[in-house]
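Only one chain is included here, represented as structure tokens and corresponding to the form predicted on its own.
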Amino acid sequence: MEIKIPNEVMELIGKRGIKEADVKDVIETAESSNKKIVMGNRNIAKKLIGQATVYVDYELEKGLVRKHATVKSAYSHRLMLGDIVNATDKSDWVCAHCNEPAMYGHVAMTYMQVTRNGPAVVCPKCRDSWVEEYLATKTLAAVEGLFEKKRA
């Protein structure tokens, strides 16, 4: 699979401390396992790499043979996602693994041995969950910073 990362996205992921190789690893793993959420040709995949869960938002070329992925964004967080607490609202996402509609809900999130519930996109069937970019880059990043500051 050819994976294209536009220059502006390379700059963004560089600022976020995410390596190009990790982005490609996340996409290749998702495409081989089908563990991702899909909305049209847009895909969000994730993979635990080191201490962080790295997410890649990418589009696959339309057609019968999908050979090209274009990365739209990549982000990460260090919270561990746990059990689904609830699934409350429909989303436009589909869990590609189950081919079931994904829902907006809450999951247990653990960081530095503290667990709280937080919003996520969840698959009620396979019990997997994903965090959207706005949440990971703003709220969860702030939470991680506060916990680290408190522990220092």
Partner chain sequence: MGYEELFPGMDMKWHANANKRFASPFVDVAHDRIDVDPIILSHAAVACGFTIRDFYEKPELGIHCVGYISQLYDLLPVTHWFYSLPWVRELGLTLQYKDTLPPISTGPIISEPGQVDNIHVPDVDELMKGYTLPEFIRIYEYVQKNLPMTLVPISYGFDLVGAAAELCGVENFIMWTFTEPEAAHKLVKKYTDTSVNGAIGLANRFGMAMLIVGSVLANNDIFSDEAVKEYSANYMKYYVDKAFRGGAGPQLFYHLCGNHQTDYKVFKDTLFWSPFNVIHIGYYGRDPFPSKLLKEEFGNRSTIMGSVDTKLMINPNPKIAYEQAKAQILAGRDSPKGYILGTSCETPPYTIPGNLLALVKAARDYGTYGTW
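Computed from a predicted structure; not experimentally measured. Residue numbers count along the first chain shown, from 1.
Not on display, but discussed next: the form predicted in complex with the partner chain.
K.L.:
Which one, 40-48, 23-31, 109-117, 123-131, holds residues whose non-hydrogen atoms are within 4.5 Å of the partner chain in the predicted complex?
P.N.:
In short, 109-117.
K.L.:
Indicate whether V143 is a 4.5 Å heavy atom neighbour of the partner chain in the predicted complex.
P.N.:
Judged by the heavy-atom cut-off of 4.5 Å, V143 is in contact with the partner chain in the predicted complex.
K.L.:
Does at least one non-hydrogen atom of V94 fall within 4.5 angstroms of the partner chain in the predicted complex?
P.N.:
Although the partner chain is absent here, V94 would stay clear of it in the predicted complex, with no heavy atoms inside 4.5 Å.
K.L.:
Examine N99 and determine whether its closest non-hydrogen atom to the partner chain in the predicted complex is within 4.5 angstroms.
P.N.:
No - in the predicted complex, heavy atoms of N99 and the partner chain never come within 4.5 Å of each other.
K.L.:
Using 4.5 Å between non-hydrogen atoms, is K15 touching the partner chain in the predicted complex?
P.N.:
Contact check for K15: no, nothing within 4.5 Å of the partner chain in the predicted complex.
K.L.:
Just to make sure I understand: among 81-100, which residues lie within 4.5 Å of the partner chain in the predicted complex, judging by heavy atoms?
P.N.:
Heavy-atom contacts to the partner chain in the predicted complex: V85, N86, T88, D89.
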